[in-house]
Each structure stands twice: as C-alpha cells, then as structure tokens.
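First, one chain by itself: the form predicted alone, in structure tokens.
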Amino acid sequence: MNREVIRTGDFVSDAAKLILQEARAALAERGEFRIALSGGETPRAIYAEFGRLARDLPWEKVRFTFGDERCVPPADEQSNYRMARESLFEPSAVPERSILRMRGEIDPQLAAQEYEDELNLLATQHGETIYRHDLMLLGMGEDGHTASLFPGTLALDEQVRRVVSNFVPKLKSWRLTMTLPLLDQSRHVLFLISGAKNRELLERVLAGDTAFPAAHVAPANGQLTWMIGASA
C-alpha cells in the first residue's frame, strides 16, 4: 500500500480535480470508471465541482456506487443518494443505468444482500472474483468511523461479507455499509477531510490508532490518499 497525505488550502477544487484525474485514467486504461461515493455534507460541494469540471466525461461509462447508506427512502433528507443526486447526478444528467444505489427503504438485511449480489454479478460479468473500485471516496466522523463502520460494531470485524447491515447502538438505527474486505480491494482510496475536523482525532488516525475504524482501511494493492482541508 502506498500512502499520501495532501494538505490543501483549496480543498474542494483540489479534491474535484483529483477525482477527475482518476476518472480519465481509468477510462483510458480500462474503458470504465468505478467510483464509490461517500455521504455526509463534506462531499456535497466537491461533487458539484467535479460535475462542473467533468462536463465532457462519458457518464455512460462511469459506474457510481455508494460506500454506505442510511436506512431511509431515497427522497429523505438524510439519504446519501439524495445528496449525490442533487449535487451531481441531476446537474450533470448522469444516466440512471450508471448509478447503483443502496435501497435504504427496504429491510436492511435484504438491502445489504441485494447490493452485495449486484456487485458480485458485475464482477463475475467482467471475469473478476471481487468488484474492484477505481476510486473509493470515504469520510470520517467525530468518533473515527468511516462509511458506516462505527467503533465497536459488528461490521467492523466482518471478514467475508462485502456489504452488510450494521446496527449502530448510539444512533439506535441500522445502516448499510461496505466492509473492509471490499474497501481494501480498491485501486485508490481517497479520504476527504474538511478543515473543521478535530485535529487530535485526525493525527491519531493517521498514526494508525486502531481504536478508530478509519485507521483500519488499508488497500493492500492500491493507493491510500488523505486529502485534508488547510485548517485540519
């Protein structure tokens, strides 16, 4: 694994440019760009800027997936899909066939199995044993969680399943999430960390403190990049 830490004073622009760079490289090398989106508010402006910069991108050759999702309908204000739709999919006229969303509105166990099955099918169709993302976008919460892998939850220790439903006691709710076996197959994992993030937490994660789930992400055959806003 190669790791790079980028501290930038132009967080949104630099993140969008890096995503576009990865998209063009994947399209040139493999004729397809597979990107997993993260949720929360940090990526919203980045997605909008990426869409603005990528107006000439062949969206029909891009496959959007989601690293995690809240167990809510797609129109709910908490939905990661809704945020991506509003900031990127609709403004850029991304075709529906390019988007594989997690169905947060159905039974969590069923939704997780369905998503895993769909990714496995796509991998099989390409002669692969596991679906490998070109770019995996991740964030980090104030407790060090990433995707919906929260401290002390069962999903963090999953070694076989690639997508699971994960009950988060402190939120008293279920989440859908990709697991480490899938995250770590990515060609490139990009953490997007805003300038408002707790500096002490960030430094502990960067130092490899495994008390925090974000520190567990380690793409064995890929690149790991932390892009950090200037004040973090």
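Note that the coordinates shown come from a computational prediction; the quantities given were computed from them, not determined experimentally. Just count from 1 along the sequence shown to find any residue number.
The following text describes the form predicted together with a small molecule, which does not appear among the structures shown.
The stretch from 91-99, 105-113, 146-154, 118-126 that comes within 4.5 Å of the small molecule in the predicted complex, counting heavy atoms only, is 146-154. For Arg70, a non-hydrogen atom is located within 4.5 Å of the small molecule in the predicted complex, even though that partner is not displayed. Using a 4.5 angstroms limit between non-hydrogen atoms, Pro74 is distant from the small molecule in the predicted complex. In the predicted complex, no heavy atom of Glu29 sits within 4.5 Å of the small molecule. Contact check for Arg204: no non-hydrogen atom falls within 4.5 Å of the small molecule in the predicted complex. Checked against the small molecule in the predicted complex, the residues Thr42, Thr65, Asn166, Thr179 give one hit for a heavy atom within 4.5 Å, which is Thr42.
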